[in-house]
Every structure is written in C-alpha cells, then in structure tokens.
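Just one chain follows, in the form predicted on its own, and it is written as structure tokens.
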Amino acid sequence: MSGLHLLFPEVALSVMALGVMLADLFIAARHGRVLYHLGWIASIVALLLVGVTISDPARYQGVGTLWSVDPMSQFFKMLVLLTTVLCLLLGLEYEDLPPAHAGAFNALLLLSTAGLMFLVSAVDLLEAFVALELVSLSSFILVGFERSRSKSNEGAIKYFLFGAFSSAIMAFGISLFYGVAGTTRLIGLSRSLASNPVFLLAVLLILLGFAFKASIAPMHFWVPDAYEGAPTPVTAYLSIAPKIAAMAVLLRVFTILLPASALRLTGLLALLAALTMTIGNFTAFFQDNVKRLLAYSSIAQAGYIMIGIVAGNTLGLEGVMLYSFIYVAMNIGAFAVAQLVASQAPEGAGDRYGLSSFDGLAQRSFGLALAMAFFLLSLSGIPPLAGFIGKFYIFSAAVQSGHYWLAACAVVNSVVSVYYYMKIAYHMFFMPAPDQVPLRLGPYLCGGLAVAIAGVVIFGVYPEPLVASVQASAQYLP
C-alpha cells in the first residue's frame, strides 16, 4: 500500500492507544487515574509528530493509495489532537468517571481521535467509511460510560440508533457511487458524472452520513440527549472533534474534489446551513440545562462553519479553518466551566447542570464567571473576542460568493444567540449565590481554561498570527 509512511502520526497514536489498554492490565484500579496521564502524553506525542510532518513536507506530505496528506489536513489533525489533549485535562478532574475503567476510557478516546485523523486525510470513500465507524464505535461506548446513570444509557442508545441509521444510509450511498463511477476514489472522477441522477443521489446519501457527525440538520436529533447523558469531557470532545473533522472532509469534497457548484448542490448546502443554525439557536431558547443549551449551540455553530463550504472560495476555505480553531478554544472553555460548577454544586441541588447552579457564580469566583462570559460572548460573535474574527471571515466569504441572503440569515442568528448565552451570564452576575463557598479550581482544569481563554482573547485582539498560519495551511493536494 503506497504512501503508508504519510500516516505515521495516526499509526503511532493507534499503537499508543493499545499501549494504554495494555497498561491497564498491570495498574491497580485505585491508581487508574495514572492512565489519564498516559493518554494525555500519547496525545501530546501525536501532536508533536504532526508538527514534524509539517516541518518536513517533502518527506511527510503527498498522496497515498487512499489518502492525501497536505497542509490543510495537517491543520485539522492538529485541531483534533489539541481538542483531545484539552478534553483529557478535563477528564483528569472529572470525578464521576470510575478509576477502574480509566484505561478503556483513554484508549477509546485515543482510538476515536486516530479515526478522525484518518478521516481528515481520506480521498477514498472506503477509508472515510471505516474511519467513521472507528469513531462511532468508540463514541457510542464513551457516551454511555456512566452506566449507573439512566440519562447516560438513554443518550448512548439514541446515539447508537441514529449512528447505525446514518451508517446504513452512507453505505448505500457508497455502493451507488461505486456502481456509477466504477471506483470509490474521489480523485480523477469524470465531469460527466455530475449530470447522472444516480450519482447525485449517491452524493446526497454520503452527505447525510457526514452530516450525522457534524450535527447538521436534519441529522442532528441525537445531539442534545447524547451530550446531556455523556460525561462532560466526552460531551466537550463530541461537540468539537468529530464536527471539525467532518467539516474538513466536506470542505475537501465539495470545494476541491467534487465542487458543489458543478453538482448544482450549492443551493441545497446553503439551505442546510441556514436550517442548521436556525434550529440550533431557536431551540436553545427553551433550555434550562446548560449541557443541552450548549448542545444546541454546537448545532448552530455547525451551520456557521458550513457557510464557508457553501461559499466555495478561498476566503471560505480559510474561514472554515480559522473558525474551527477558534471554536475549539471557546467551546472547550465553556464546557470546562460548566463541569467545574456542576462538580461543586450543593448537595440536593437537583439538576447539577441547571441554570440555577450558576446563580451568583461571580460572588463565588469572579475570575471564573468572567472567563465564562468571555467564552459566551465569543460564541455570540461579539468583538473584540476571537469568535467575531471567525464569523467575520465566514460571513465575508458568503458575501463575496454572492450568497447575501445566507450572510443575512447568519447575522440574524448571531444576534438571536446573544439572548440564550446571556441567560447564563444573568444567573452568574445578577442572581444571589446559594452559598458563599468559593470554587476549588484544580491544576489540570486551570491549565485547560488558561489555554482556552488565551485563544479567545489573544486571537481576538491580535489575530494576525492565526490568520497567517491559516493562510499558510490552506494548501491542499491533489
């Protein structure tokens, strides 16, 4: 199989995941937390290996049998690995995860990350499908990891059923694709296929399969229950890593390999983007559980990111990459604060992730409340935070490509989102605290929050280094 050396970081991460699983056999259950450190170190090592491939493109970049490794794919791999590192930091301070199963938890998270890395480079539908299944199987188990909680079991079952349904749809689409094109490879396809109705049907079915992972409407119904039931580090991971990896594949397919304009699917993609952001924002209005609120927020964010794919121009490609980077920081930060607040909610408080748990947070920890406000304002797209820069790029790409109505819809949705984000801020700053016990911030969660707040604030005030990095990484093969 040619070009296997191009996937060295993915292979190394898979081996390290198996190593963590083996280490679990020799470490006593009471010392299980040590395995989180092994998983965290494995993700850091993989991140450094991706950095090596970027520094030596002549050796580690190119087109293999089923994959394409280029600056664009390496950029998204770094984002996926960065998400994994930060989520494992959250896991180190999430006390509800049983230490006896720490090895399985870390191995599953690392294998899911490896699957996403394979997915980002895929230029063959078979590799993309196998990578998606690796991610799905790992994710199904991670969502239901807290087996003693009924909501965790419910979320895992719903996620599994929707995942099986989307996999069947995608497999059928791939079979139609192969029947018409004679190959599952996305490179070098005949332009005449664009007018074949069966080929278009195949592409639509494959699109639905990717839409499931990216939580694009109408494949979003699993999101709120799965996010609410999953352990918070898993929720944070699912809200970011699979989404940006699926968006990377859609970006490669519908702007480079099979342009949406050539398939006459631009209007459909624009409609899906508008529908996704509108459903996410307007449904979030009615949520009193912060995890469910952020779940619908993540659906809306998928709609914003998809605008860059609809635009199909250079600015759109750079906008997707830029917004994905910023999205990692602001979403991880929001879930980190939610986890900390829930973990120290008073006894008998009911729903630990309810809005009432945030009452008077500014009185108990003003710095934490201020950080959460920054994350929420950035998600809303308020300047001078980084979320504004990301949305500015995305919306500008829509205007540049002539999709004025889509840009207007996105602006209206951004304004609407301020309401439900500020519901959390209202409880933090204007509601009385049930007690004056200060929150205890552990070192790992503190480190993750520091990275997130730095990304949101620094790149909002001084975005030039991030923009330059994105522009340098926006090169693609073949």
Partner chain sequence: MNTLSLITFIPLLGAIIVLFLPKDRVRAIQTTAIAAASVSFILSVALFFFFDRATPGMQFVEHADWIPSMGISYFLGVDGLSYPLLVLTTLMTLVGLIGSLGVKNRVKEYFFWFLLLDVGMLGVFEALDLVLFYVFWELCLVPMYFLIGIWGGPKKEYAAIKFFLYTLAGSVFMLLAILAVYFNSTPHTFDILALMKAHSAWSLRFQILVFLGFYLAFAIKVPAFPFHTWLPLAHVEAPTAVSVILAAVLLKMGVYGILRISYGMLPLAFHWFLPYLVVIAVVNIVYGSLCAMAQTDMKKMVAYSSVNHMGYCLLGIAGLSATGFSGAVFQMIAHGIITGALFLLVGVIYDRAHTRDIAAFGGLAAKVPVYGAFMFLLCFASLGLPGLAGFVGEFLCFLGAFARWKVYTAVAVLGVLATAAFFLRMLQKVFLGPLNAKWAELPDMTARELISIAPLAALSVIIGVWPGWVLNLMNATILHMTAFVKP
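Positions refer to the first chain, counted from 1. Given the structure is predicted, the values throughout are model-derived calculations rather than measurements.
Below, we refer to the form predicted together with the partner chain, which is not included among the displayed structures.
A.B. asks: Exactly one of Gly182, Gly267, Pro383, Pro259 has a non-hydrogen atom within 4.5 Å of the partner chain in the model of the complex; which residue is it?
C.D. replies: Looking at the other structure, the residue within range turns out to be Pro383.
A.B. asks: Which one, Leu315, Leu275, Ile174, Leu355, lies within 4.5 Å of the partner chain in the model of the complex by heavy atoms?
C.D. replies: Result of the distance check: Leu315.
A.B. asks: Looking at heavy atoms inside 4.5 Å, which stretch does the partner chain contact in the model of the complex, given the options 447-455, 31-39, 54-62, 415-423?
C.D. replies: Result for this chain: 415-423.
A.B. asks: Is Phe325 one of the residues lying within 4.5 Å of the partner chain in the model of the complex, judged by heavy atom distances?
C.D. replies: No - in the model of the complex, heavy atoms of Phe325 and the partner chain never come within 4.5 Å of each other.
A.B. asks: Counting only non-hydrogen atoms and a 4.5 angstroms cut-off, does Phe160 reach the partner chain in the model of the complex?
C.D. replies: No, no contact at 4.5 Å.
A.B. asks: Heavy atom to heavy atom, is Val461 within 4.5 Å of the partner chain in the model of the complex?
C.D. replies: Val461 belongs to the contact set for the partner chain.
A.B. asks: Taking heavy atoms and a 4.5 Å cut-off, does Ser396 contact the partner chain in the model of the complex?
C.D. replies: Yes, Ser396 lies within 4.5 Å of the partner chain in the model of the complex.
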